[in-house]
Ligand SMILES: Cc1ncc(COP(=O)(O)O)c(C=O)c1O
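Okay, so here's just one chain, in structure tokens, the form predicted alone.
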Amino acid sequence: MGESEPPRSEVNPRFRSDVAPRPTNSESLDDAMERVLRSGTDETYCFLNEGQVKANVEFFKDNFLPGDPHGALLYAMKANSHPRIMQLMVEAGIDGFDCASRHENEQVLALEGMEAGNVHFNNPVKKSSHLVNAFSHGVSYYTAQSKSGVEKILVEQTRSQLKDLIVAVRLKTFNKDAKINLSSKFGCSPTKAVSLIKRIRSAGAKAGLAMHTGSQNLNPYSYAQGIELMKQVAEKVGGVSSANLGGGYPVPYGPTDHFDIWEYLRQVNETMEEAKAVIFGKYAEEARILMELGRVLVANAVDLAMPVLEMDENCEDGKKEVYVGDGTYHSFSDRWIHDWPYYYHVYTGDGRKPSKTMARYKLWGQTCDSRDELGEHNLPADLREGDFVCVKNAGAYMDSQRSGFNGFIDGPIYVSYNV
């Protein structure tokens, strides 16, 4: 294995390619880790299970509104926009992408086989310059939540003369059972939604509705509640042309987590089936029922491995301290942003079996900032420099939210297996 700098993506220089060519045959995670981590490297790696990404997409495509030709599955690329993951989504048959910015829009359009119709510019608050760029590419699906937001979109419609414009109005759907309650920032009231829909139609555009019950949503019944809210609004305006049901499906991060995704889908499918006649009204033939999934499509497809750079076992308080090649300014920003829990295990760099005896360690990140710490955790007592501290279910948001603080600009190296 060569030690030269891996090539960089032309789309985004922080993405690094695989450390070695992807294997031609199916390979396990243990095989992939042995192939890479026992080489004396001190890089951080993301081990990408390509087969798992495709299986996740196929599961939702098969079970979201089965048999309904109006259903469509979007990938919320903010969860992880690594070029290989994006291409895997296309290969798995994803219907489009939920985008939030000019760069995300253009990254989708750069993918083979993707066109303007595959871009859904769903960030409810947009820069005018990003709208100009989107209209110049022919993007026709937008989301808004305010009069100002709607007017900015309609101005660009007039300038570009774009036909078949769809503007979905985002509703507030407060959900105390979501880890991240997105409605604290986004969405409008039913009364305001009715007013915005009327304005959109007065300009000759098509109107839709959108909702999001929150990220890492622990309550499957909130989807039914959100759809019922859509139904109430749609009934007052004679139906709408599209309904975006959002995402938020949870991922089992902790050792005791368990979520019945079938129950979530049952709530969505059954409630939507009962409500769609009212939600779409006379627009039933052109109806589009969208679901934008991020975390649940990629989280369980990636394991992150960060090297132990240094250790200090002679601290004044007797605590063992470990410095690792990652941290809160990079893969673990959600530790401070959303108080996200992470569960760690160890992969040894020399092939030995980790000790079953555990010790308490304090983990520190790689930057020159004392807030760059990952807390105290129980890890094998024989942990040493050259080993790797690993996190499962690391595919969502860990890479996409990283900064370049302190000059640590490069993202983790992605290694594919199970292709």
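For every residue, the number given is its place in the sequence shown, counted from 1. Source: prediction; values computed, not measured.
Another form, the form predicted in complex with the ligand, is not on view; read the next lines as being about it.
Exercise for review: Would you mind picking out the stretch of 200-208, 214-222, 105-113, 151-159 that comes within 4.5 angstroms of the ligand in the predicted bound form, counting non-hydrogen atoms?
Suggested key: That would be stretch 214-222.
Check your understanding: Any of the heavy atoms of Ala76 lying within 4.5 Å of the ligand in the predicted bound form?
Key -> It does: once the ligand is placed as it appears in the predicted bound form, Ala76 has a heavy atom within 4.5 Å of it.
Check your understanding: Is Gly247 close to the ligand in the predicted bound form, meaning a heavy atom pair under 4.5 Å apart or at it?
Key -> Yes, Gly247 is a contact residue.
Review point. With a 4.5 Å heavy atom cut-off, would you call His330 a contact of the ligand in the predicted bound form?
Key: Judged by the heavy-atom cut-off of 4.5 Å, His330 is well away from the ligand in the predicted bound form.
Practice item. Could you confirm whether Asp98 comes within 4.5 Å of the ligand in the predicted bound form, counting heavy atoms only? Key: Flag for Asp98 set to yes.
Review point. With the ligand left out of view, which of Cys188, Val346, Ile166, Leu293 would have a heavy atom within 4.5 Å of it in the predicted bound form?
Key: The residue from Cys188, Val346, Ile166, Leu293 that makes the contact is Leu293.
Review point. Can you pick the one in Ala287, Met86, Leu182, Val324 that has a heavy atom within 4.5 Å of the ligand in the predicted bound form?
Key: Exactly one listed residue reaches within 4.5 Å, namely Leu182.
Practice item. State yes only if every one of His82, Gln366 and Phe408 has a non-hydrogen atom within 4.5 Å of the ligand in the predicted bound form; otherwise state no. Key: Checking in the predicted bound form: none of His82, Gln366 and Phe408 is within 4.5 Å of the ligand.
Review point. Quick one: which residues from 372-409 get a non-hydrogen atom within 4.5 Å of the ligand in the predicted bound form?
Key: Just Tyr397.
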